[in-house]
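In the block that follows, a single chain appears as structure tokens, in the form predicted on its own.
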């Protein structure tokens, strides 16, 4: 039997303490292929390739049985949930049209 979605979730949760985690078994239930979206403080200051290595390292045991792992997102909380834009009406100026006296 292959790896379960719950096993992948448990390993990533215990090792990376994500604020968001989505694991999808893309193998049709046999546990050989997964897609992952993960948001963690552990990724702060890391390049994308380093983040992927962190995820792969966290799943070291599971990777012995997983044939394909697609890391769809590996983001920091700030990247995943960026600060909402300020109210645009506060910075909007009304254009003025010069008047001419006739």
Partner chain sequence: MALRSVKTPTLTPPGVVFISSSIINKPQSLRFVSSSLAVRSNLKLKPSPHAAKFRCSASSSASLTPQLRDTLEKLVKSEKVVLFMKGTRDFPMCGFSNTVVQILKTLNVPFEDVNILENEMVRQGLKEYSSWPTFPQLYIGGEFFGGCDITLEAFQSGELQEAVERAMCS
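Being a predicted model, the structure only gives us computed values, none of them experimental. Numbering follows the first chain given and starts at 1.
The discussion below concerns the form predicted together with the partner chain, not included here.
_Site check 7, 16 and 24: each within 4.5 Å of the partner chain in the predicted complex by heavy atom_ = No, none of the three is in contact.
*Report yes if any heavy atom of residue 69 sits within 4.5 Å of a heavy atom of the partner chain in the predicted complex; otherwise report no.*
Result yes; residue 69 sits at the interface with the partner chain in the predicted complex.
*Are any of the heavy atoms in residue 52 no more than 4.5 Å from a heavy atom of the partner chain in the predicted complex?*
Yes, residue 52 is a contact residue.
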